[in-house]
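Below you'll find only one chain, the form predicted alone, shown as structure tokens.
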């Protein structure tokens, strides 16, 4: 609130109201996001050791803590000759999101983004938490499961994928430990491996934050997700972004790191195409989505919403997978 009012201190009361309504990220919007975040934190609080099934709290804690900081490239299938080009977070184990398990707490590399992202989606776009209930959710890039567990507290079924095998195993462990494996399934799978009939028109919501800019073929990824949705289904996208009006993407590639040191295996980066809001809009349109909205969030992030109104074709000129539906 202070951030907004400091810029409007000379405005009349009427001007103040009009400017706040028009200003993205106003404290009115922020207040709604905070309210939703509180609801989500309450939902997420069920995932504590007091609610474990078929495993003791001590066994659970040891199983989790023993993984953190471990280095394991073999499980990911990297050869010695290609190892130096791989992502640090795929080689060394890092916990994803903050989680208070009751008996112990973990600080994740992504903090409370699992809470904040879903709160922002619901605040910015025509979708509510109730729209997740009794739905089939596709969770792409689940890391250590913070988002997956949160979605499971809302939805009927969640199918989660993660290309890093060690993280997919962790999410499977969490799901089984909290006895929700009848509603939540997890696979170590690339999104690009979801281009098959078993995924066609299967889901109500594709939940796709923090992934698209890490992919070398973002349009193909969006088309796979378009095909995975039922008619009427919704996609929610969030990405690192660039704040320009033009439909531009910045290319970084796998050799630009924004923090950390390679010798410590803690670098952040491995970003391919980083879109502007307009570029994300046009990619989503190209993939087949309608009712698209994109929004610049600040802190170099962009959000997107789209709906699958009908199953339509895609331009196949130069497409990397020409036989895709």
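Quantities reported herein were computed from a predicted structural model and do not represent experimental measurements. Positions refer to the first chain, counted from 1.
From this point on, the text means the form predicted together with a small molecule, which you will not see here.
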## Note on the structure
Within 4.5 Å of the small molecule in the model of the complex by heavy atoms, the stretch out of 98 to 106, 83 to 91, 129 to 137, 175 to 183 is 83 to 91
### Message
Is residue 214 near the small molecule? Define near as a heavy atom within 4.5 Å, in the model of the complex.
### Response
yes
### Query
Hey, in the model of the complex, does residue 122 get a heavy atom within 4.5 angstroms of the small molecule?
no
### Message
Although the partner isn't part of this model, could you tell me whether residue 191 comes within 4.5 Å of the small molecule in the model of the complex, counting any heavy atom of the residue?
### Response
yes
### Task
Tell me, yes or no, whether residue 163 is in contact with the small molecule in the model of the complex, where a contact means a heavy atom of each within 4.5 Å.
yes
#### Entry: Sole residue of 110, 234, 150, 220 within 4.5 Å of the small molecule in the model of the complex, by heavy atom
110
### Query
With the partner absent here, would 117, 141 and 209 each sit within 4.5 Å of the small molecule in the model of the complex, counting heavy atoms only?
yes
